[in-house]
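There is one chain below, alone, in structure tokens, taken in the form predicted alone.
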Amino acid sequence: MRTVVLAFGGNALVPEGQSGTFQQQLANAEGMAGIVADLVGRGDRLVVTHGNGPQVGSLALQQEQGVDVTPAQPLFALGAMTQGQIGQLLELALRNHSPASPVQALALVTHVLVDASDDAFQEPTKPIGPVFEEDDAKRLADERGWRLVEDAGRGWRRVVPSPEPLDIVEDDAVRALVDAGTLVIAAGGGGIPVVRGDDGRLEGVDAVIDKDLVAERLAATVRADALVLITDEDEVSLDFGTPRQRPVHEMSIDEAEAHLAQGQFPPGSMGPKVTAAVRFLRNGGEVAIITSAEHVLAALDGEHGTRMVGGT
């Protein structure tokens, strides 16, 4: 039986043009559940993870607006809240997809260890929350001390630290559940970031870890055969957004690393996905795939998306 780690982006629940109401997210979760159920029906053993950029950013805004009524919570606590929120949406959607024979799924609250000295804490880069017009972005930066940057020409978004994931704290529990046949939803939103103090205690830190890099750590934890990174694009392209744009249907590890070094895949776009794919394969994974949600099944069959395999 093949073990597949499937990583959905946060925008899978709140695509561009939607406001992110509960009903919208529920409907989108049901679509995601259909993809997962189809893979389970083919005999694959699934581990699911997801992003939370839109959700955690929106929750942070709500926290700021309500600070006069109730104390705001730290960013890592908001990550935990959205991890539970999205996890339960996916879990219920999976159980309701085929009520007569529901997929037995469990959303596991998951912490991810990071290094307190990671340079990312000095240079925030991870976009979260909604897109703002430039005037609103400047006002929010002045009023709340946020750092906002232009996001791929769409407008301005808040950015927060995004340190490298080192280990999944609950890795033993994840492995045990997967080995027992449970479909585990884990490390949602990149996991809840924690650092380990000199006394061995774990403490939350304000950051949002990249979910693609955590997906690779999750894949290593469960010894996955395949890592599937879902994005808005059908496949990876070189010279994206230029007249020379061209799709790449297959890449070797060496080719992927060369393209990364040349700046073909920016950090705020395909960079983390290609990096995660390379790490997965370097650590013994069989195949890594980058594609859109609608083409996951075909991509796993080698008929769509961008496919990366071990070797050079």
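What you are looking at is a predicted structure, and each value in this text was computed from that prediction instead of being measured. Just count from 1 along the sequence shown to find any residue number. Here the rigid core means the biggest group of C-alpha atoms that line up within 1.5 Å when the two forms are laid on top of each other.
Although not depicted, the form predicted in complex with a further copy of the same chain is the subject of the following passage.
None of 162-170, 232-240, 143-151, 209-217 except one has non-hydrogen atoms within 4.5 angstroms of a further copy of the same chain in the model of the complex; the exception is 162-170. Heavy atoms of Gln262 never reach within 4.5 Å of a further copy of the same chain in the model of the complex, leaving it off the interface. Contact check for Ala137: every heavy atom lies farther than 4.5 Å from a further copy of the same chain in the model of the complex. Within 4.5 Å of some heavy atom of a further copy of the same chain in the model of the complex lies at least one heavy atom of Leu202. Within 4.5 Å of some heavy atom of a further copy of the same chain in the model of the complex lies at least one heavy atom of Glu91. Only one of Leu113, Met81, Val131, Ala120 lies close to a further copy of the same chain in the model of the complex, with a heavy atom inside 4.5 Å, and it is Met81.
For a residue to qualify, one of its non-hydrogen atoms must sit within 4.5 Å of a further copy of the same chain in the model of the complex; none of Asn52, Ser269 and Val296 qualifies. In the model of the complex, a further copy of the same chain lies within 4.5 angstroms of at least one heavy atom of each of the following residues of 55-73: Ser58, Leu59, Leu61, Gln62, Gln63, Gln65, Gly66, Val69, Thr70, Pro71, Gln73, in sequence order. With the core held fixed, Gly204 shows a CA shift below 2 Å between this form and the one not shown. Core-superposed comparison between this form and the one not shown: CA of Val131 displaced by 2 Å or more. The pair Val131 and Pro266 is at least 3 angstroms farther apart at the CA level in the model of the complex than in the present model. One change in the model of the complex concerns Pro130 and Ala12, whose Cα atoms lie at least 3 Å farther apart than in this form.
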